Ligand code: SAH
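A lone chain, given as structure tokens: the form predicted on its own.
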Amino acid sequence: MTALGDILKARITATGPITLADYMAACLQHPQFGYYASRDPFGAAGDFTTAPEISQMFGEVLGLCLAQCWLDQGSPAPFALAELGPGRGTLMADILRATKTVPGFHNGAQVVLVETSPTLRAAQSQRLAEFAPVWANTVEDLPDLPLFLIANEFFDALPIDQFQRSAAGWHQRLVGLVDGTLQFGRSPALPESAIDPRFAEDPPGSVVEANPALATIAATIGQRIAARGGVALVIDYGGWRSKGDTLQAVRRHQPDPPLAHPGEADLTAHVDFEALVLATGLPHSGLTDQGALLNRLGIAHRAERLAANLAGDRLETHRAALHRLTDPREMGSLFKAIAFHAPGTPAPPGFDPPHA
């Protein structure tokens, strides 16, 4: 068992079983042994690879989308160009490279990175040094400016709670100890008021998830954009109303039992995009497949231009990256995107229209 596992066992022995959200928060955010505090998890040497690490084209076309939104809203300056969970800074670097010729965009932008990991802050600082980024611990710390924000694979890493319905009612999933080993269990039956009303009529056997941090963060973003203008582009995996047990752990690019290696595996869950919409309270697009969005934003044309200077293995890697990002059998339909924008402003380009 990991050092964090021993800490969690001692906590449970002393105070009793903990919620799944508490377990995830400790695994991901513990200041010494938490997953993001102690490592760079990206790339072949890490545990997973995100779209910006696959190809520069992902960030480039999304950056131009953000810039077009900025132009459509009258080119406000100064403004916050913000990213939630910016990893190594790869996505923001690609956004800034693609937008360097947009008149006034860089001069007006204050680059703000919402990041708590010292390891990742150091990588971001090195990659984005020429743009003088500033860091925020939470979205509440973002500057009081028009907000043009992107969040790629951010909301899936927020701690969730799970609830399962039995014939006796709803129960919360807990993490406890059985013979000295971390095991899942459940609470006594809860009052109906403890469950999101959207799931109130779900039958016995149903499993639903709740993400309190998602609602709080989305509400704050919505308030900022409603007051000062801007947009938020969110790309992640999930569904309109995500149901079932979607908790998963990934370690060294392979699935891992969620309780097996506390602090040494990435823990994620599907994003409930309907919950995002309800929390932001902003005008929004429909839920759009990543592949469809990237194609509408011109990734194929960008790929052709880059391919003109490539040959051999580099060309094949480039083509494979485009396929992985856009093909429905790869990331193209697994990942979804949604856009939020200030009331009375044009919708961002490339996204599906809102659901009826």
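In this text, residue numbers run from 1 along the sequence as written. Remember, it's a predicted structure, so these values are computed and weren't measured experimentally.
This protein has a second form, the form predicted in complex with S-adenosyl-L-homocysteine, left out of what is shown; the following refers to that one.
- Of the residues given (L278, I195, L128, A157), A157 alone sits with a heavy atom within 4.5 Å of S-adenosyl-L-homocysteine in the predicted complex.
- This chain is drawn without S-adenosyl-L-homocysteine; in the predicted complex, the residue among E153, E264, E209, D94 with a heavy atom within 4.5 Å of it is E153.
- In the predicted complex, Q290 stays away from S-adenosyl-L-homocysteine, with no heavy atom inside 4.5 Å.
- Taking non-hydrogen atoms only, P86 approaches S-adenosyl-L-homocysteine to within 4.5 angstroms in the predicted complex.
- In the predicted complex, no heavy atom of T181 sits within 4.5 Å of S-adenosyl-L-homocysteine.
- Heavy atoms of S187 never reach within 4.5 Å of S-adenosyl-L-homocysteine in the predicted complex, leaving it off the interface.
- With S-adenosyl-L-homocysteine left out of view, the stretch that reaches within 4.5 Å of it through heavy atoms in the predicted complex is, among 255 to 263, 140 to 148, 113 to 121, 222 to 230, 113 to 121.
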